[in-house]
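The form predicted alone is given below as one chain in structure tokens.
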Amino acid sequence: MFFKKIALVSVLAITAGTAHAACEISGNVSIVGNEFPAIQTVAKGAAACSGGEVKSNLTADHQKINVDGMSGNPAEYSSAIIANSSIVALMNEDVIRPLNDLVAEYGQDIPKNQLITIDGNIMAVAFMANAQTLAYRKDVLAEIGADVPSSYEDVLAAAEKIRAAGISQYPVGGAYKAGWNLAQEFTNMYIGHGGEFYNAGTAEVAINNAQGVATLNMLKKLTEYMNPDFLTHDSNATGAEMEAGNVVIMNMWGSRMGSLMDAEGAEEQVYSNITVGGPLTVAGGTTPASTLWWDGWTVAKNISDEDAVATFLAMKHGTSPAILNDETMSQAVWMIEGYTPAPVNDGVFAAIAAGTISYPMLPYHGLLHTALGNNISDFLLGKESAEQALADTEAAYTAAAKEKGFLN
């Protein structure tokens, strides 16, 4: 399966475009997606269309419900907002439709770099770039006399100083919630260590190696400076810890930075000092321990043609220049005409400039992501060795890959 590489750097050169006309639809639209501000803006933009019903279910559990919600006939959801990784599950289950005909008739004005083309079929329309990068309190780092971390080793050194100074017992944050989030942290760190996930040219997993062990050991060292409940902390929870003044340094999605740096949910001393940095490296490497992402929208296969057209038009409007204003401009690195970069998004641009590797877009990688999320927690809790956790992960992946026909 070939995934067209998106020219994310092109977002740097997008110039202002003309405002799109009002959106008129005839049909029903139902959106499922994540719940952070940029996605909420997209859903609101889609709901601005008149002539049909537009509803949305935005939840942190979107990846647990989108496949089932699009598998019925008719599908419960007519569009899923997805990213590099989560589109694979929808394609594997054959619940989203190619958009070639809809683009030809209704979307000729959509910039080519937004069209996600897979094996000749347009399967999604991307609207924003994303990456996990550094977020830190500049006032606290100044207080302990530490430079801005550029590596995870720097983070550990700063965390020890912060704890020793009595500023915070648990100064490090991260989305380490068992499951998808924890697997993503492993993925970032493993790439930073130079690890390869599979034997070359195959779907045979290969993470039980020196890089895999080093990855788990670094994750565990970081958890020693995290809230003891770190395995329950997703992006929302660890972001709240920073806004409460407990977390000083963390790896966080660029799309979440705006809500951390605004005046809501935190005291002035906290939010005015939260600062965005670039992606971190690890173990002396130069490859960022992060992944580059796009977010986009799809159209369900098991819906009427009328609802498919309505969904396409509504989602197109929800990701058009019409949604950009002073409030929304800083919510994301938008791949939309008229986007003007904001300082809050410096981390994502730094990730692009640093050559951050895209999340592995392979039809079987979702199985490995699931296996990681289910099997590495015990190591972080001290219940088994790194080698055993990796062996368990490989066994779980291999069984799933054989069941799906990716391995013999």
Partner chain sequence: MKHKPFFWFVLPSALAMLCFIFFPIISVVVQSVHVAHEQVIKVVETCDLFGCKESTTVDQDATDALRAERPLGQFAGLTTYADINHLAIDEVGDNWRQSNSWREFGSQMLNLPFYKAIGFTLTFTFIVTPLVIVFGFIIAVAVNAAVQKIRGPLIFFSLLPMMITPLVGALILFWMVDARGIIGATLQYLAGDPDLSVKASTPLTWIMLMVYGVWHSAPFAFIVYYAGLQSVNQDTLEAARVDGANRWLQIRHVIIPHLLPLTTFIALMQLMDNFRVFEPIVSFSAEAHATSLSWAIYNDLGGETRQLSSAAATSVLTIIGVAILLSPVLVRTWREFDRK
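Numbering follows the first chain given and starts at 1. Rigid core here is just the name for the largest C-alpha set that superposes within 1.5 Å across the two forms. Computed from a predicted model, the values in this text were never measured in an experiment.
A second form of this protein, the form predicted in complex with the partner chain, is not displayed here; the remarks below concern that form.
Asks: Of the residues M361, A47, A60, A350, which one places a heavy atom within 4.5 Å of the partner chain in the predicted bound form?
Replies: Checked against the cut-off, the match is M361.
Asks: Only one of E93, D109, D147, E105 gets a heavy atom within 4.5 Å of the partner chain in the predicted bound form. Which one?
Replies: It is E93 that has a heavy atom within 4.5 Å of the partner.
Asks: Please check if L324 has a heavy atom lying within 4.5 Å of any heavy atom of the partner chain in the predicted bound form.
Replies: Outside the cut-off, so no.
Asks: Applying a 4.5 Å heavy atom distance criterion, does A395 contact the partner chain in the predicted bound form?
Replies: Because a heavy atom of A395 falls inside 4.5 Å of the partner chain in the predicted bound form, the answer is yes.
Asks: Hey, in the predicted bound form, is G166 touching the partner chain, heavy atoms inside 4.5 Å?
Replies: Judged by the heavy-atom cut-off of 4.5 Å, G166 is well away from the partner chain in the predicted bound form.
Asks: Find out whether any non-hydrogen atom of L367 is located within 4.5 angstroms of the partner chain in the predicted bound form, and reply yes or no.
Replies: Residue-level check for L367: yes, a contact with the partner chain.
Asks: Among 34-42, 47-55, 370-378, 337-345, which stretch has residues with heavy atoms no more than 4.5 Å from the partner chain in the predicted bound form?
Replies: Selected range: 370-378.
Asks: For the partner chain, considered in the predicted bound form: do all three of M128, P228 and F406 come within 4.5 Å of it, counting heavy atoms only?
Replies: Yes, the whole candidate spot contacts the partner chain.
Asks: For the heavy atom contacts within 4.5 Å of the partner chain in the predicted bound form, list the residues of 241-267 involved, in sequence order.
Replies: Heavy-atom contacts to the partner chain in the predicted bound form: E241, N246.
Asks: Compare the position of the CA of A124 between the shown form and the other one after a rigid core fit and state whether the shift reaches 2 Å.
Replies: Result for A124: yes, a 2 Å-plus shift.
Asks: On a rigid core superposition, would D61 pass a 2 Å threshold for CA movement between the shown form and the other one?
Replies: Yes, its C-alpha moves 2 Å or more.
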